[in-house]
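Here you get one chain, nothing else, as C-alpha cells; it is the form predicted on its own.
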Amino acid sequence: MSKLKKYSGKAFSVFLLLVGAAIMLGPFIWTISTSIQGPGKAYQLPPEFFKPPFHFENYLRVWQEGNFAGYTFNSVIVTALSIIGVVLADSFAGYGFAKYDTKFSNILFLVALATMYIPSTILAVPQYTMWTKVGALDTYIPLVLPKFLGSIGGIFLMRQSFKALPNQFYEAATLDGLHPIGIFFRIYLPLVKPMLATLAIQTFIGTWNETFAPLIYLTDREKYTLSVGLLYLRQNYSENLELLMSASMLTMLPLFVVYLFAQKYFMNGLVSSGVKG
C-alpha cells in the first residue's frame, strides 16, 4: 500500500509537470509554426501545426521591411552599455558592503534594501519630469545612465558573493602592498565570475525585453529598440499574423542563443548565491 501511494504521488507529480510544460510550450510552438505559415493560416480552426509548404521568407521580409537591422543594433548598444554599467556598479557596491564593515554600513544597506519595496510605476512620472528638465528625452541616456548607478537586487547578490570569500585574501594582499582597487580587480572579482555571469544574463534579459522605458523616452522611430519596434510593427502587420510572429521569433532568438551558451554560468551563480549566502 505504501509503495502504491509512493508511485501514485510520483505519477501525479509527473502529470502536473507535463501539464505545466504543455501550458508553457504551447504558445511558443504555435508562434514558431505560425511564423513559417502562409497568409491566413494562423486563423484556421482547429490550428494546423507545421503543415507544409513552409514560408521561411517571412523572416527575410520582416527583416527587410521592418527595419529590424536598425532596431537590433539599437538594442545591442543599449543592452551592452547596461550590462557594463550594472556589472561595474553592483560589484563595486556589493564589494564595499561586504568588505568595509563600518558603523553605518549595515544601516545603509538596509535602507538600500527598503527601496526594493517602492513600485517602479510610482517613480515613472518624477523620473520622466527629471529627464525632460535635463533635455535627455529621445536619447538613450534615461535607459543607460541609471544602470551605472546600481540596482539593489544586483548589489545584494554581489554582497552575498563577496561576503562568502575570506577576509584573509584582503589582508595578505595589503601586506604585499597591493592597492585596494587592485585587490578588488585582481583577487576578489575573478573569484565571483559565476555571479557576474548571472548578473550579466539577468541584465541582458531585462534590458532586451524592456518596453516601458524605451516607449516613453524614445520618440524617433530610428532610435527604437526591438521591443518598441515590435509594437510598431504590430500596427503594420495586424492582418499578417505570420509576419508578426516572425518578428517575435527574431526578437527572442538572441535570448535563446545567450542562454544556451551561458546557462552553465547562470546555474553556477544561482547555486553559489543560494549556498554561500
Partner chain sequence: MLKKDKKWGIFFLAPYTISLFVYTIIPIICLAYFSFTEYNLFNPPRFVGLANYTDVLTSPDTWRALRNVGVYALVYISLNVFLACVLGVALNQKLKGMKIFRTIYFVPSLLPWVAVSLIFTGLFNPVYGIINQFLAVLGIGPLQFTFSKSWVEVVSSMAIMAVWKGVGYASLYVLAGLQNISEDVLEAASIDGAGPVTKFFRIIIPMITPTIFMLMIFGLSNSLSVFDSFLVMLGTGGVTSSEYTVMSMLIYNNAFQFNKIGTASALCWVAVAFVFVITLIQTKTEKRWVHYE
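Residue numbers count along the first chain shown, from 1. Computed from a prediction, not measured in an experiment: that's the story for all the values here. In this text, rigid core is short for the largest set of C-alphas that superpose within 1.5 Å between two forms.
What comes next is about the form predicted together with the partner chain, which is not displayed.
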**Asked** So in the model of the complex, does T203 come within 4.5 Å of the partner chain, heavy atom to heavy atom?
**Response** no
**is_contact(Q64, the partner chain) in the model of the complex, heavy atom dist at most 4.5 Å** = no
**Request:** Verify the contact flag for Y170: yes if a non-hydrogen atom of it lies within 4.5 Å of a non-hydrogen atom of the partner chain in the model of the complex, no if not.
**Result:** yes
**Heavy atom of T139 within 4.5 Å of the partner chain in the model of the complex** = no
**Asked** In sequence order, which positions of 93-109 have a non-hydrogen atom within 4.5 Å of the partner chain in the model of the complex?
**Response** A93, Y95, G96, F97, K99, Y100, D101, T102, F104, S105, L108
**Request:** Answer yes if the CA of G70 moves 2 Å or more between the shown form and the other one after aligning the rigid core, and no otherwise.
**Result:** no
**Prompt:** C-alpha of A42: shift of 2 angstroms or more between the shown form and the other one, rigid core aligned?
**Reply:** yes
